[in-house]
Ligand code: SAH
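Quick setup: one chain, the form predicted on its own, written in structure tokens, and binding and motion questions come after.
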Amino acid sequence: MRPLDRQTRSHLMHLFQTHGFHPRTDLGQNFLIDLNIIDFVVRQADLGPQDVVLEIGAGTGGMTTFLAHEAAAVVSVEIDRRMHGLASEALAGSGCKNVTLLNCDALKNKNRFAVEVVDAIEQQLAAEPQRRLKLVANLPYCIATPVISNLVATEWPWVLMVATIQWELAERMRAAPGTHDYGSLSVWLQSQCAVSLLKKLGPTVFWPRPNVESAVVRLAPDSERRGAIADRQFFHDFIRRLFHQRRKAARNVLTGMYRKQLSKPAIDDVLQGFALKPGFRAEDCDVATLVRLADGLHKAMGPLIGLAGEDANDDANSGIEGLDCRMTD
């Protein structure tokens, strides 16, 4: 059986019937059954012999085996023990020896990948000096935001992400300033990546059908944009906390955020370098302005920068989940 034949609706229904269980929608187990879409996703990833692929959500292993035929190595993660068993059977019959199939949660928490995932990726990247990382996956809706955000935050040599995600999330990822969808996630990704919407997907290309529309998105890192950020950890904390009060005057939010490090006059000194309207809000600022503002505040704080992290730890909404992690199951 060809790898893609494992992803047809009839095959999947027979497979689950034979094994006596059903897909779990609470884990985002909605399988792509349109073979043209699967082929499209893999082709957009442009896989080659230097690529290590991270796949979150192995499912029954249909896409996993297809990826394994194109890449140097695949690290595939499946949280469901029963689904992991189906994927293991598929891989055993495919002859693919370059797949590390993990049965665990991909995330240790909202801020970090699980240790098993980190170790497997770093082991494969270290196998050859020219290896690079790509995320290619039909991402479960419930973890798409932290997976993508955390990968951007790493120092791994990732060069591309191609994934199916919820349409609502795709809208937020590419949102422009002043729009309803523009938020900390938009800024975090656009400040370091080129974000492209490749295709909109209706519910009928999945089984079971989700209650929402989906999208295929492509993210490519932009070294120039990333290099403009003085301190990425500080910037991440800055946008998360600033957008947590997105509709309040940003000057007032900033004076509260950094009350231990900077006086109001000191914050005003930083703001004077920007052509911002009185009472401006976070959602009014474009990405480049927010990067420069964060860099200016970072510089003004100097040795007091560590206290900002203490304030952040007091915030109940700290972490990647603060990056607009609004998902619909």
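Start at 1 and count along the sequence shown; that's the residue number. Keep in mind it's a predicted model, so treat the numbers as computed, not measured.
Heads up, the form predicted in complex with the ligand isn't pictured, but that's what we're talking about next.
- For the options 72, 79, 193, 253, the residue carrying a heavy atom within 4.5 angstroms of the ligand in the predicted complex is 79.
- Contact annotation: of the candidates 105, 171, 119, 231, the single residue with a non-hydrogen atom within 4.5 angstroms of the ligand in the predicted complex is 105.
- The closest heavy atom approach of residue 214 to the ligand in the predicted complex falls outside 4.5 Å.
- Contact annotation for residue 285: none of its heavy atoms lies within 4.5 Å of the ligand in the predicted complex.
- Looking at residue 56, you'd find a heavy atom of it within 4.5 angstroms of the ligand in the predicted complex.
- Though the partner is left out of this view, residue 30 does reach within 4.5 Å of the ligand in the predicted complex, counting heavy atoms only.
- With the ligand left out of view, the stretch that reaches within 4.5 Å of it through heavy atoms in the predicted complex is, among 273 to 281, 289 to 297, 31 to 39, 260 to 268, 31 to 39.
- Looking at 126 to 142, the residues that come within 4.5 Å of the ligand in the predicted complex, counting any heavy atom, are 138, 140.
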